[in-house]
Ligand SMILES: Cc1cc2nc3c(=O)[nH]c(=O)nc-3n(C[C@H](O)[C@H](O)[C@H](O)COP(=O)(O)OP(=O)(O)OC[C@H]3O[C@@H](n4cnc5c(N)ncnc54)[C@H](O)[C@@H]3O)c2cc1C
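Just one chain is shown here, as structure tokens, and it is the form predicted on its own.
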């Protein structure tokens, strides 16, 4: 349970305060507490109410087709360090149920990216070769091999790429499990607290919030959608663009969809949850209104369901029971930002655009390592905060 507003400890000193109550923030807080740090987590709403709790639970381990198709092979090569980060995070996911003592409904049967055009298969082969180059054992599937693996896929599909490390987890369970374990280790978690201002003192930070002031030696920013608002007053440009996307879920049906599915021609992610419901997404845009509010876009819903039926026609009699909106975040080159804040020693930032649920466990562990040691064993040079200031910054693309 969250701490009631009237019980906040004003001016309490922490070693580290994490801002953002999604999976990355909760994981960071957990790993800090696990290593003995006096850590706190603040979120302006409640835990897991942003992208971490509103996504479809996919565990992504392959290059997404839309940016690959739009930005090309050269972009894909620059994305390989970020892809390697995802693959290592998926390995970490497998040990989380035991580590957190919680069933997160994780499965890792693999992901299948289907194609209905021969030219898309040729593109998939190039993509698979790039994934293989960093040790991800993706393979190509002929039409007959695709039918053997997934006979319910449309016969119009000519083949596919298969990534065996992919899978799914329950996004409603993962962040709360990290937070619960962090509390058990002594971490403090306060929700309903908006950070209004961050001031750098001589050897600490002062956070002015809607529930009083907090002091800490170090801060970690993991609030994707709110990052620009937090670092803007510090004179920094986060280069993060937020865009609302939507996901749908069906009634519970008999289990038969074993894999995570994508489609090369149009936006799609499709998988079946442990409950039997089918989750259908892929990055279709929601509607943003003039007052800043967001809502489900009926045209996107129709298009998303049309694509789902094109790939798995047998879903046609299944009822959709709910569609919801979440806020996705993107960087210009689609790579994460994992770095110290330039000019602010002791301040760190960690976001993984679009695929942050998959990256969350490793992102939290890496941010904790940076905060505790000032450096990471991983090479994070491709994820620098200030890389977008360079003339060589990558082209803007869209992630599905």
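Residue numbers count along the first chain shown, from 1. Worth saying up front: this structure is predicted, and the values here are computed from it rather than measured.
There is another form of the same protein, the form predicted in complex with this ligand; it is not shown, and what comes next is about it.
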item	value
Touches this ligand in the model of the complex: residue 223 (any heavy atom, 4.5 Å)	yes
Interface membership of residue 194, this ligand in the model of the complex, 4.5 Å heavy atom rule	yes
Contact label in the model of the complex: residue 56 to this ligand, heavy atom within 4.5 Å	yes
Contact flag, residue 354 vs this ligand in the model of the complex, heavy atom cut 4.5 Å	yes
Answer range among 76-84, 117-125, 298-306, 186-194 for contact with this ligand, defined in the model of the complex as heavy atoms within 4.5 Å	186-194
Heavy atom of each of 166, 240 and 267 within 4.5 Å of this ligand in the model of the complex	no
Contacting member of 97, 326, 176, 159, with respect to this ligand in the model of the complex [4.5 Å, heavy atom]	326
Listed residue (230, 90, 136, 311) with a non-hydrogen atom within 4.5 angstroms of this ligand in the model of the complex	230
Stretch 243-282 - residues with a heavy atom within 4.5 Å of this ligand in the model of the complex	245, 246, 247
